[in-house]
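Quick setup: one chain, the form predicted alone, written in structure tokens, and binding and motion questions come after.
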Amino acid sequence: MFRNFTQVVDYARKLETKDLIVANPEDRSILIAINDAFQMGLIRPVLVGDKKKILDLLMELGIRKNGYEIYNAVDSKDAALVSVKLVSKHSNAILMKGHLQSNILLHEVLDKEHGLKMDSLLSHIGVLDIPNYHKLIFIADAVMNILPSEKEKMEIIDNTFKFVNSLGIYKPKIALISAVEVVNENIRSTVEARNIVEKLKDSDDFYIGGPFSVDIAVSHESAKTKGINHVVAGDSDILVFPNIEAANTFYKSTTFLANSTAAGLLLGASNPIVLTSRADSYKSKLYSIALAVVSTDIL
């Protein structure tokens, strides 16, 4: 079980080196993260974008191009297409979003002709190392699914469980997040949380509870004060949010205001997909690559 990103990187260094195919890597923090992962032996870098800009940036950063495979692309759409096609040819390759909009890359990922889209729902997993929380915490879905239905939340839970289980969390604690911890027929997320818990409460794979407000999910003191006695309360591994606004706001607020470090992957495709924000730090990009390496080895 990984308690922080340093442990993730240390484990990834022991594994087989993976091909990392990056669409539009024309960004300093992206290239620094890729090069660090390369120097650690985590990945073999395959860069797809404006070849001249890539080479110029590598030179500016003092990075030797030896060991780099570089493909020229005429624009970001072309880079996304070429990258996805390259990944589809290698079962253990990792796809990474570079300096381009997510929807451009996802358009190619979702094209069934390329073979990356499987039958399962695609969902995003955000992984946060928050200084005042006692372990890594996983959140879904801050990027991909805007207003997931009850059925889609069940699929997101399945994707997320499989991922955290592969990281050594063998019976994760899942909290279904809402604004309040009581069922209110006027708040759809509380009703869906009640229904999902009822369906999954007897699972031997994980503990699940909700609806919970965020404070109950992550604070024993808040749970005790509000009279919530539940195995998940105050010790959640996974927070499942009701919609993209809530999840994305939590993800970015903890990153920019609580000094947390974030990493992000797209789950449900045939290959791991590193899907970080263009505003994410160099460390976030490096840790996302390390998580993808680990998941590739296990999935």
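In this text, residue numbers run from 1 along the sequence as written. Everything quoted here is computed from the prediction, not taken from an experiment.
Form predicted in complex with a small molecule: not shown, discussed below.
The partner is absent here, but in the predicted bound form a heavy atom of 142, alone among 137, 208, 142, 223, sits within 4.5 Å of the small molecule. Proximity to the small molecule in the predicted bound form, defined as a heavy atom within 4.5 Å, holds among 55, 244, 63, 40 only for 244.
Here the chain stands alone, but in the predicted bound form its contact with the small molecule, taken as any heavy atom within 4.5 Å, falls in 99 to 107 among 212 to 220, 99 to 107, 173 to 181, 77 to 85. Within 4.5 Å of the small molecule in the predicted bound form, a heavy atom is found for not a single one of 15, 35 and 290. Heavy atoms of residue 122 reach within 4.5 Å of the small molecule in the predicted bound form, making it an interface residue. For residue 270, no non-hydrogen atom is located within 4.5 Å of the small molecule in the predicted bound form, even though that partner is not displayed. For the chain shown alone, residue 248 is a contact residue for the small molecule in the predicted bound form, at least one non-hydrogen atom being within 4.5 angstroms. For the chain shown alone, residue 117 is a contact residue for the small molecule in the predicted bound form, at least one non-hydrogen atom being within 4.5 angstroms.
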